[in-house]
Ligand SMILES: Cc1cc2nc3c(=O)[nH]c(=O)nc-3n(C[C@H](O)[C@H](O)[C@H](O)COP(=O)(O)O)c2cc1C
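Coming up is one lone chain in structure tokens, specifically the form predicted alone.
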């Protein structure tokens, strides 16, 4: 059995009171502007308490129906890190990193997490009836697969002729996309939190996902979203100045 540190996708405690702290927008933009994908790391480690805070930040990412259908694996042993580096094609962003993390999309966990949500509602004892209705009816219509997926393929387009209708997720391919979107949001939170703590990251999609699934002993429907390396950048760790295409190439007003 591969030994990895795995962080669960559901917190046992509710959020604190919704008191809004005074925010400093400049600090946030400093984090965003200084985050760069790092390909060569120094060998300075990351303290466990920092990793714990960053993981907590990743878990607070927005996600569909708050079902949190992701998992995050910290690959910690030298043997498993070596295997993961090979699965990442030996790229320097992986081979020089003191820490490697794997973000895993888990569309197959929606029923379990839906049940956990209802248990949390019962524990709190103050949730409105519409919240219960959402997680006892709406989520089951939206995410149930199997034979019911074929019913939705017929029903949703017909319903959509006369009123706004959610067109997906319908089949398992839609559920894969659904889970990957939420997982990617978690990864973005993770990388920004690392930068806020003074560390750097690099998201990697150049990898052998089948080998990584085997390394982590994941079930068939689990999917590797991305591998994220972390540590402190070296002087040569960032390849060139950042550039982005002009705002009007992606931002549109209708």
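Positions refer to the first chain, counted from 1. Keep in mind that this is a model prediction, so the values were computed, not measured.
The following text describes the form predicted together with the ligand, which does not appear among the structures shown.
message: I need the one stretch from 212-220, 40-48, 199-207, 58-66 whose residues put non-hydrogen atoms within 4.5 angstroms of the ligand in the predicted bound form.
response: Selected range: 199-207.
field: Close approach of residue 242 to the ligand in the predicted bound form, 4.5 Å, heavy atom
entry: Yes - in the predicted bound form, heavy atoms of residue 242 and the ligand come within 4.5 Å of each other.
Distance check, residue 91 to the ligand in the predicted bound form, heavy atom within 4.5 Å: Looking in the predicted bound form, residue contacts with the ligand include residue 91, since a heavy atom lies within 4.5 Å.
query: So in the predicted bound form, does any heavy atom of residue 35 sit within 4.5 Å of the ligand?
result: Residue 35: yes, in contact with the ligand in the predicted bound form.
field: Those residues of 40-55 which, in the predicted bound form, come within 4.5 Å of the ligand by heavy atom
entry: Residues within 4.5 Å: none in this stretch.
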